[in-house]
Every structure is written in structure tokens, then in C-alpha cells.
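Given next, in C-alpha cells, is a single chain: the form predicted on its own.
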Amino acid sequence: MNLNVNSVDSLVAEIQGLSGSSQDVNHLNSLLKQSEDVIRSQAATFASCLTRLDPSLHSLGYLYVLEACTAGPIPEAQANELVLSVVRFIDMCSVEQIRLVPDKFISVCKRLHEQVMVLGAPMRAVAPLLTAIRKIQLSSEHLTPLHPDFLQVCLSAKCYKIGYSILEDDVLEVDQPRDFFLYCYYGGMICIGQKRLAKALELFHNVVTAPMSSMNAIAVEAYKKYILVSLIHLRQFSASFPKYTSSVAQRNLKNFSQPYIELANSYSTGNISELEAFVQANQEKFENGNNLGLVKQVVSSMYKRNIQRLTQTYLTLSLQDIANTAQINTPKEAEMHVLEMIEDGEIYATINQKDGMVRFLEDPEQYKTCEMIEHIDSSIQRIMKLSKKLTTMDESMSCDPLYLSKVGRERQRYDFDDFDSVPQKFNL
């Protein structure tokens, strides 16, 4: 049986008649697939179907027509109308029906992303794309192709807080490597906007150390930001890579990031004047990479690094002495840096305004409050859950014929003891 696509009326009737039971919807899906080329070639004609279909009841048929209408170039005059249609569909559509054709749903959502950027209104896609992710996501651990699009519109709209909300999920299932690279890269930038530098460092680190067979621009840009965030947050940077980093990354990343490596080397000397001179000489390079703002934060962090080192040696020190030792221009400026560090919890100190003396204190946290115990307990629970998941994944891989055949082919390149024995109960 073929779908009747001779007219708009007949197509609408077919979709409405087969959108009831799950059996009917599955049958409709197979019929729509057979007529997909016809619907796409006559998209302009069938576009009027959308006004006669209910997105919540006829989601599958609505999606086929909507995807066909958005597949080609969209005139600027129709962009706003398209955005409204897609946003309404995302909000109302049936999860069960759209999951039958996830690729079409993803395609429509990506067109929404493109069009809001053309209109210069990324804010309009923030809430709809978050809804779309939750509808298509099989679990909170699943990274969808829409995650990078959502984070990018959050960045463009400066909605860092809502963007950060999705980064709190542990990602353990990835469909495409590129989605993971972009998710971590945009996520790292969101975290910078939220001043969650530890999380930003983790995400950039994931990009740099992820398996890759060839160098890509995302990894290069992530490595540059990884260097800068390391200097800002940790006050240091190690140029050595973890042993699990791909050989491609280890060989090439430094070559593409030379000014940033040199910046880290200059930072390690502790000489403010030298660092500022280097930044000034290479300002254009940092500006072209859209990293000048972070570079300026690196310079500022050196003052704080020098102050932090003083806490390891002195119990009390005047603001004038801090300014002299940390290479800060004035005691007032030194006071500003000290106050910022106290507010951020980087140091514990009090300032006597009368004599301008700073008294450095021990960490007041006794690790016995209810809040701290709850925090430690939740961390332990999360680690136990992660450990269990890793064990399950390890068992699954050790029984995967494709993995085992690859290991068998490459076994001669390694020591025999590097691999666990193949489970005896499986015949390969």
C-alpha cells in the first residue's frame, strides 16, 4: 500500500487517519518513508498541510512535512515564520512519534539554530533546544547531536547559567566524536562565563586527551584555552600530556599553540613586567584567536599567585610589603587583589584598615558540618555509581567480538600481559 500524496487534502487525511495507535503510527512511518522524495520535491505545495495538522497528535506526519520544508534555502522574509513553526512543534510534539525518525527531528532543530543566528536572535532557540534535547535523549547520560547547538546558542545569547545546567549531567554515551569535541569545547566556554574554572579545565582536558586519528581545529582551540585556564585557575601549566593522550595530539598540539606555550613559560618566571611585555608583543595573535580577554586574566592571576605564595611564608604583612613583593603598583591595588582572593575563597585573611596590616589565617573549614558531610556523601555515591558503570562497560567491551578481533590483530605490537584473557564462555 502506498501513501496517497496526490493532493494536500489526501496527505492530510492519510496522516490524520494513521496517527492513533502505535501500530498505525509505525505503518504511517513506513508509508511516509516510501513517499519521502515526493514530499520533498513538492515541499512548497505540502507546506499548507502544517496549518491543518496538530503537532501534538500528528507529530510524525508533521515532522516529515516540516523537515521537507526546511531542507532547502529559506528566504530571509520567511525565517521568522519558520522559527515560530519549529518552536511550536518542539514544544508540542509527541516523544514517542519523533523518536521513530530522530534524524529528521535533529535536522529540523539544527535549522532552527541556523535561522536564529541569521536573525541575530539566539535567545529564541535556547529554551526550545533544551526541550528538544530532553525529548530525544534516551537517558541523561546520552550526548545527542543537539547538545553542541544548544551550548552554542547559550554562548551567543550569554545564557551561561542555563547552559551550565546541562553540563552537570555525566555523559557516558556518545554517538559521534565531533559532537563530543564541540560539547566539551562550548561547555568549557560556558563554564568560563560562569566562573566555574575547574569544570572548564576538565572539559578542555577531555577534548585534548580524547582519541583522535587526525588533528582537528576544535582540539587546537581547546588546547589554547586549556593553557590559559590552567594559568588562571591553577597558577601553573604542565606542558606534558597524560599517557592516554593520542599520539597525534602529543605530536602536533604544541606546534599549533606556540604563543600560548611561550606565554606559560613567561608566566612561570614570576616576572610581571616580562609577562606584560610578551602579551603586548603578541597581542594581535591573541586577539585573532579571540583569547585576549583570557590572556589579560592570566596577567591578573600572576599578581594573585605572588600573593598566594606569601601566605606560605608570612603570618602578617603590610599592604605596602605585599605590593613590593608581588610587583603590584600601589598598596591600594594590593588591597583590591587581597579582597578579591578572600571573596573567592583562595586565601583566608583579615585586613586591619588602621595600620594597613594583613593577617593570614588557616582554612576555617573543620569538615564536620552537616553540609560538608552531605557533600562528601554525595561525592562518594557519585563515584560508586561511576565505578559500577565503568565495570559494566569494561565487561561489555571484553566480550565485544569487534574489539577482541582488533586486540588480536594488534597484540603482537604489545606485551601479552597488557591484555586480559578472552572470556572462555564466548566462542569467537
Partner chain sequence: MGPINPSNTIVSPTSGWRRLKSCRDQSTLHRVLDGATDDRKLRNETLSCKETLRNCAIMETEEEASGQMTDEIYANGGDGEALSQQQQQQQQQQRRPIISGEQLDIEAYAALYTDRTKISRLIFIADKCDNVSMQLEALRMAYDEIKKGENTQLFREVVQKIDGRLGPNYGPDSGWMDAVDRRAEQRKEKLENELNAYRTNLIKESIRMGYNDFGEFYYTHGALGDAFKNYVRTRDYCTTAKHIIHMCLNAILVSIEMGQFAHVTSYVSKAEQNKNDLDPITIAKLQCAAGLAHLEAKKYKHAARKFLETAPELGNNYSEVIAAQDVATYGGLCALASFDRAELKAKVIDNINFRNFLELVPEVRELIHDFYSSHYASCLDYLGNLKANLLLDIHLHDHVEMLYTQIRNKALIQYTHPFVSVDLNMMANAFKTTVAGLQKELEALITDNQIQARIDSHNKILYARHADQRKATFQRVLQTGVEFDRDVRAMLLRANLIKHDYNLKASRKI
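Residue numbers count along the first chain shown, from 1. Predicted model only: the values in this text are computed from it and were never measured.
The same protein has a further form, the form predicted together with its partner chain, not shown here; the description that follows concerns it.
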query: Any non-hydrogen atom of Glu346 within 4.5 angstroms of its partner chain in the predicted bound form; finding: no
query: Distance check, Gln312 to its partner chain in the predicted bound form, heavy atom within 4.5 Å; finding: yes
query: In the predicted bound form, Gln236 touching its partner chain (heavy atom, 4.5 Å); finding: no
query: Close approach of Lys199 to its partner chain in the predicted bound form, 4.5 Å, heavy atom; finding: yes
query: Candidate stretches 146-154, 206-214, 279-287, 72-80 - the one whose heavy atoms come within 4.5 Å of its partner chain in the predicted bound form; finding: 206-214
query: Residue among Asp91, Glu333, Asp170, Glu274 with a heavy atom within 4.5 Å of its partner chain in the predicted bound form; finding: Asp170
query: Heavy atom within 4.5 Å of its partner chain in the predicted bound form - the one residue of His27, Arg52, Lys389, Lys33 that qualifies; finding: Lys389
query: Three-residue site Leu57, Val118 and Leu253 fully in contact with its partner chain in the predicted bound form at 4.5 Å by heavy atom; finding: no
query: Within 347-369, the residues that have a heavy atom no more than 4.5 Å from its partner chain in the predicted bound form; finding: Asp355, Met357, Arg359, Phe360, Leu361, Glu362, Asp363, Glu365, Gln366, Tyr367, Lys368
